[in-house]
Each structure stands twice: as C-alpha cells, then as structure tokens.
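The chain below stands alone and is given as structure tokens, in the form predicted alone.
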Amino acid sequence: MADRYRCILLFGAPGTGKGTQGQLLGERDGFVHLATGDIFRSLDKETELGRKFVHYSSRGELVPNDLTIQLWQEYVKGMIADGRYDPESDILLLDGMPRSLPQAEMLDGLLQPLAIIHLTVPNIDEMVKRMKLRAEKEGRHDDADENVIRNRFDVYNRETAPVLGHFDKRLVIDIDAIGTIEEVFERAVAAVDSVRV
C-alpha cells in the first residue's frame, strides 16, 4: 500500500469543465477519475448522510469538511477493495477535492500531488450559461437555479480559490477552458503527460 495517494488535482470554478475533462482523462491507462460531487450525488437521499448533503447542496453551500473527508476516505477505501483503484500503479484525478483550506490541510498526509490542472474561464456569465445547459441535459437540479449557481461562485471565490495557494506554485498548470471539449482535452493531456513520469 502506498503511503500517500499519488494524484493530479483538477481545479477551477464551477462550470469550467472539471468533470468532463476528468472523465476523459480517467479513461486513459493508469488514471482513475474521482469526482467528489458524483460521490455526494450517489448518496441515498433517505440516509442521514444523504439528507445532510441535500441540506447544503440545495443552497449552493459546501458540505462541512469533516463530513466530506470522512465520506471521501471511505469511498477511496471501497475503490481499492473492489479493484477499481490500485494506489501502487494508478494516479487519482481528483475533481472537487480539496475544496477548502481546512480540507487541504486535513489531506496533507494522504495526498501526494503531482500537478494541479487549473481550468480557467475569465467570464462568469459564460460559466452560468454552461451550467444551466448542463442542468437541462443531465437533470442536475443543483445547477438549475441561477441564484444558486451564482452563490456557488461566491462560495468558490471565498472557500476554494485560496486552496491553490496551499500548494507549491510550481505544481500549478493553468489551462484555458474556453473551446470545444476536444480542444480543452488536448491541452489537459499535454499538461498531464508533462508530469507523468
């Protein structure tokens, strides 16, 4: 068992395409995409944990750190147990983790970041438009209300953006997230391949 999980962090404001790029990169050999949002959305909403998630997500707020880390660790252990992830040979593509400075600090002993892929989109209105379109296509109720979306940007700027400063600046690779999925993927692949040694 590896001491720490080797990983590449996928970073960017809501709507920048972290999930899409993470899924595509996760299809490449040796990479495993792990989206915290998908973990939460897969929760049974009738359980205590599921109800807690709905309580926060329906208002565009972050789930508390201790709850998030606990769920994340349990999920990763399950992936190892059922063979979906081998920490000795695979690199985790972390999408949505860590989402706050306290989470980054709590994960310091667990993660070995190889790079941080930072997807950037300068125009918030463009991202709001993307997210509303995604809500229609995928039935994601957390992205349907523009007020909730804009609150998520406020939360991102306040809670998540400072996480970048927690890591070594040399690990951060900025990628322009404007363009087709394929164009952005090409940029992401080039960035990932530059650090995969």
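Every value quoted in this text rests on a predicted model; they were computed, and no experiment measured them. Residue indices: 1-based, along the sequence shown.
There is also a form predicted in complex with a small molecule; it is not shown, and the following applies to it.
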4.5 Å heavy atom contact with the small molecule in the predicted complex for all of T20, R28 and L119: no
- prompt: Applying a 4.5 Å heavy atom distance criterion, does M127 contact the small molecule in the predicted complex?
  reply: no
task: Determine whether any heavy atom of E61 comes within 4.5 Å of a heavy atom of the small molecule in the predicted complex, and answer yes or no.
output: yes
query: Using 4.5 Å between non-hydrogen atoms, is K137 touching the small molecule in the predicted complex?
result: no
query: For M97, is any heavy atom within 4.5 Å of the small molecule in the predicted complex, or not?
result: yes
